[in-house]
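A single chain, nothing else alongside it, follows as structure tokens in the form predicted alone.
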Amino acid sequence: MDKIQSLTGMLDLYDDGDMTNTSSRLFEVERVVKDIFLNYKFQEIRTPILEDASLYKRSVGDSSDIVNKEIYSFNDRNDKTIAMRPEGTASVIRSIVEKKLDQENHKLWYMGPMWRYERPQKGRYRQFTQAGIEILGIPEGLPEYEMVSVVCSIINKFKLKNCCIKINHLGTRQNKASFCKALVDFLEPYKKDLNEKDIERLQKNPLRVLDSKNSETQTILKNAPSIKEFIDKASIQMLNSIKNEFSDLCKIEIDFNLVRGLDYYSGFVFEAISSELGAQDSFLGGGRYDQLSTQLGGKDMPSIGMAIGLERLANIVNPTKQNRKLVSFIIAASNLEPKAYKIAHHLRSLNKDVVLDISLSEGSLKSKMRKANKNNADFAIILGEEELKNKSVVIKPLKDELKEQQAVSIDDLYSFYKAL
């Protein structure tokens, strides 16, 4: 019988503790990113992976590649069109509006799998993990600084090199509309030189042309109008202020051609790029989306957010596992398991910063000691029949050859373990 293979672009992830392994790096990146979010007092929100497909047409935009080409959707048994979430923000806002929480301020974070039917490449898969934060209900101003601060914390925590934070401002809705008209007027004589994809963008969402990867289009755009000519002085002052305040922490560049691929963005936008990722060099991005709540039937709720592609981030970091002591509990006689597991249960409750490993397979004391050394354990706790009779265990240091093993009482074992 043929073996069943995983689907293209959907990976099995296994944490073997080896930080050269992409899966292990990803799991550690998830832990660190979550700690950063909690340090900024963001609260977790979890939304379903399945949503009404119309949610993404109304939020992400039916002119976007996500909705047109990449979304996984199907009809359920009631003939309702369902989509597997391609991004997190739309679901978060839908949830807040549905629960009538759209007149309150919120600082939220999420993390989980997303799906897009893309061409798999380095750091970009059809099922991928995204983490994000959203600041809801607070007008433009202070939240922008908080966002950039979080991005700097991520870059500095992982000691990322060759990184840059690009920032821009899309202005008000009127500014954006005026700029789009000027861009269309400028590009109209060049339509014969644009590829099919950029012509479609020009018709549906002209701003997206600025994000074109086509070299001929980019050459034409060098003489195009700039958003800088259409936004007010306050917006430019904000960009300069953010750059001035945070440039000593991270490299920050004002890029007036920066746009985001989702239709709901307005005002301040940003992304972090790394030259180590190749042509698709962005690993996080976000911006302000003040109209999204009303687009989804809610009340006016100014908001800003960002999302991180965790696989892409894991490709450019070299994290080390949290330095936790590892202790191997070795049972030297098969009839001692029940007592040993009771002792181990109590040990684990005494010190959450220590990992306690008990071998679940049978074998000699010698083979279990070999395994403890192979696992790079700091100590071995050995329980044999003689030790159980004396209500004691043997503690053997495995990394310090100068220290000798010692027999201690169970109570002294608890004290030793708690102090590790």
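All values reported here derive from a predicted model rather than from experimental measurement. Residue positions are given as counts along the sequence shown, with the first one as 1.
Although not depicted, the form predicted in complex with ligand HAM is the subject of the following passage.
This chain is displayed without ligand HAM, yet in the predicted complex the stretch 81 to 89 from 338 to 346, 81 to 89, 158 to 166, 228 to 236 comes within 4.5 Å of it by heavy atoms. Using a 4.5 Å cutoff between non-hydrogen atoms, Glu118 counts as a contact of ligand HAM in the predicted complex. In the predicted complex, Gly286 approaches ligand HAM with a heavy atom inside 4.5 Å. Ligand HAM is not shown here, and in the predicted complex it never comes within 4.5 Å of any heavy atom of Lys176.
In the predicted complex, ligand HAM lies farther than 4.5 Å from every heavy atom of Asp102. Candidate site formed by Lys204, Asp290 and Pro302: none of these residues places a non-hydrogen atom within 4.5 angstroms of ligand HAM in the predicted complex. Note on the partner interface in the predicted complex: the residue among Ser274, Gln130, Asn315, Ser328 having a heavy atom within 4.5 angstroms of ligand HAM is Gln130.
Proximity to ligand HAM in the predicted complex, taken as a non-hydrogen atom within 4.5 angstroms, holds for one residue of Gly137, Gly123, Pro143, Gly171, which is Gly123.
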